[in-house]
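This document opens with one chain alone, in structure tokens, the form predicted on its own.
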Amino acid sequence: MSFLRWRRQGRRLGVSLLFVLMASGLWQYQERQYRDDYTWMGVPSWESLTPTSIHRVLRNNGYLAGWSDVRAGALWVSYQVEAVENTSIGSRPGFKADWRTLWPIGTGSYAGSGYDRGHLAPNYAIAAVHGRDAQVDTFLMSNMSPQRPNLNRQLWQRLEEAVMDHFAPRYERLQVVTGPIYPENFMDNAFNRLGFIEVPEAFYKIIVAPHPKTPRALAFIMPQNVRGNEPLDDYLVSIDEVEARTGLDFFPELSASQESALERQVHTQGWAVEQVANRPGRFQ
């Protein structure tokens, strides 16, 4: 009897182990699929390990987010877009809290602060390319960051429109990484918070046209204190400057020579930035 019981238990254990292995393999496949769909040349990582650089990756429909529980905000979001013919999208979903964040960040956390709930992964671009479920996920509070109205509703909006209306049609596919920039010294910003949420001093957006041999990239840093009607190309920077300001390493799977060519300097050839630099926003 003991032998039969041992054999039955062994079978159960074998079945359980097989189930765990299959589930783990499926999870790994899905995770790799998400990362392939929403990133290029690796997920952003920290240059050096510090309390303010540690983050975990939140997986959403249409984009990934690098969430910092110390900052109570995403350090980056990563997504891919392409030109779309049908520019109509569904109605704006409602904002909603994200249960995955450590601190309770509600839909009213910005109320009365003078800051907008600024989208990092943009509503329109994500909805147009990735569909309704992805659009709904852009309204998670984990995708919001405090932005001054002139930035959020004007200059930043103009840049988001340029990505979809001007840059995307020029290339087959674009990789975009965007996020906030905080003061270098954490304690300098310790009291500039909306409850748990630290307020950034600026925002960056990196746009890459992937190509196996000659990828092209643009990077922008836009401060909070803008009027909103400034030329977009006033805020062009190198990817190296964004990395220096954020402490993040973008596209870590690039070779040293590729990284140097792509990230060290500002290269605008092929983007025709001057054609959209002073274009007003769609809703202005």
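Residue numbers run from 1 along the displayed sequence. Owing to the predicted nature of the structure, the values given are computational and were not obtained by experimental measurement.
This next part talks about the form predicted together with the DNA, which is not shown.
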Options 208 to 216, 175 to 183, 158 to 166, 190 to 198; stretch whose heavy atom lies within 4.5 Å of the DNA in the predicted complex: 158 to 166
D98 within 4.5 Å of the DNA in the predicted complex, heavy atoms: no
Any non-hydrogen atom of P122 within 4.5 angstroms of the DNA in the predicted complex: yes
In the predicted complex, I89 touching the DNA (heavy atom, 4.5 Å): yes
Touches the DNA in the predicted complex: N152 (any heavy atom, 4.5 Å): yes
Heavy atom within 4.5 Å of the DNA in the predicted complex - qualifying residues of 41 to 57: none
